[in-house]
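Just the one chain here, laid out as structure tokens, in the form predicted on its own.
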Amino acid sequence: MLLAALVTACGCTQNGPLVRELFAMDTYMRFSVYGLTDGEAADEAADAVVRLSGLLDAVDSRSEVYALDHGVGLPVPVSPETFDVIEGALGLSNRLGSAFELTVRPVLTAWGFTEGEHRIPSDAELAALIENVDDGRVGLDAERNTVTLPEGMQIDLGAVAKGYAADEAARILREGGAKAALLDLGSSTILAFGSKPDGTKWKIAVKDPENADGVAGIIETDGGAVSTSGGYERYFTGPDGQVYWHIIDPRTGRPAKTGILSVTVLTDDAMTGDALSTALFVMGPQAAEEYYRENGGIDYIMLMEDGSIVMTAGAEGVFTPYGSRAGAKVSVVGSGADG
């Protein structure tokens, strides 16, 4: 259950940020907001994230996604927010192809990543499950605000929920008069907008996937979303001594193994960035480069298993390797379609 609770509300000095700290979507979050005359918009933004946490948690039997996953093939009415998340995520799925599927949840469950009871499914079990991994079969009815899943299919919005929540919180803060903010929804999803009062860039750390307490690099940016997916986030070691992580290749039903330990995507909106960080991890460096050259509009940083770094030309200008990656071999991907 993604129980969400506001734990701290801090009003700081005139030049300092207004801070909101909360636990939602199974993650500690911190919002640092500049330019507000009072805390109303900050409270509203935090409340919106708490509400989304309750709507989108596939484990919580009270959530709308849980109801949808147990709808036995019938149309399920959902709130405008849930419909908007699913519609947007399906659009991303259509764009990203088989590297990104919301309907992969039964496969995640088979591996034990949804309930925490880890196991290694058989080839036959996975083959049967991936027959129902197909986002194109999800039905949307915008007039009635209903979503329909064919019987046997389930969705998981974990790859986009935090991103959507970050974008929604930023919208509320901007409309409420905030001049700038750094929204940290856990190290996997961070969004910054506006200029810091002191004129310096936002500094965002990229975690070292081989050291839970370490930093692999620093991103200095004027704003935008920074989304990271890595195998280190949720994994288990099987009886065979192999490490199995939660980023599943929907085509095989198995953890994606492409030589990548983590992917960090820089883009304008957090929901797109979250989906892309997962999809590029699954694609691997070569297919990711092809996607980038054909589509552009993003930058990315890949920390590889061999210790090297692969990044786009735009990321090279804002990312500084640090710690164990400080002297890493760096390969730079040239300009994409839009950049």
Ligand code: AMP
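Predicted model, so just to flag it, every value in this text is computed and none were measured. Sequential numbering from 1, following the sequence displayed.
If you look for the form predicted together with the ligand, you will not find it shown, but the lines that follow are about it.
When the ligand is considered in the model of the complex, only one residue from Ala178, Ala192, Ile247, Ile130 comes within 4.5 Å through any heavy atom, namely Ile247.
Only one of Val282, Ile301, Ala45, Leu56 lies close to the ligand in the model of the complex, with a heavy atom inside 4.5 Å, and it is Val282.
Just one listed stretch, out of 139-147, 198-206, 169-177, 98-106, contacts the ligand in the model of the complex at the 4.5 Å heavy atom level, and that stretch is 98-106. Shown here without its partner, the chain carries Thr264, Met311 and Glu316, none of which come within 4.5 Å of the ligand in the model of the complex through any heavy atom. For Thr278, a non-hydrogen atom is located within 4.5 Å of the ligand in the model of the complex, even though that partner is not displayed.
When contacts are judged by a 4.5 Å heavy atom cut-off, Asp184 does not count as touching the ligand in the model of the complex.
The closest non-hydrogen atom of Asp84 lies beyond 4.5 Å of the ligand in the model of the complex. The ligand in the model of the complex is not approached by His118, whose heavy atoms all lie more than 4.5 angstroms from it. Contacts of stretch 133-170 with the ligand in the model of the complex, defined by any heavy atom lying within 4.5 Å, are made by Asp156, Gly158, Ala159, listed in sequence order.
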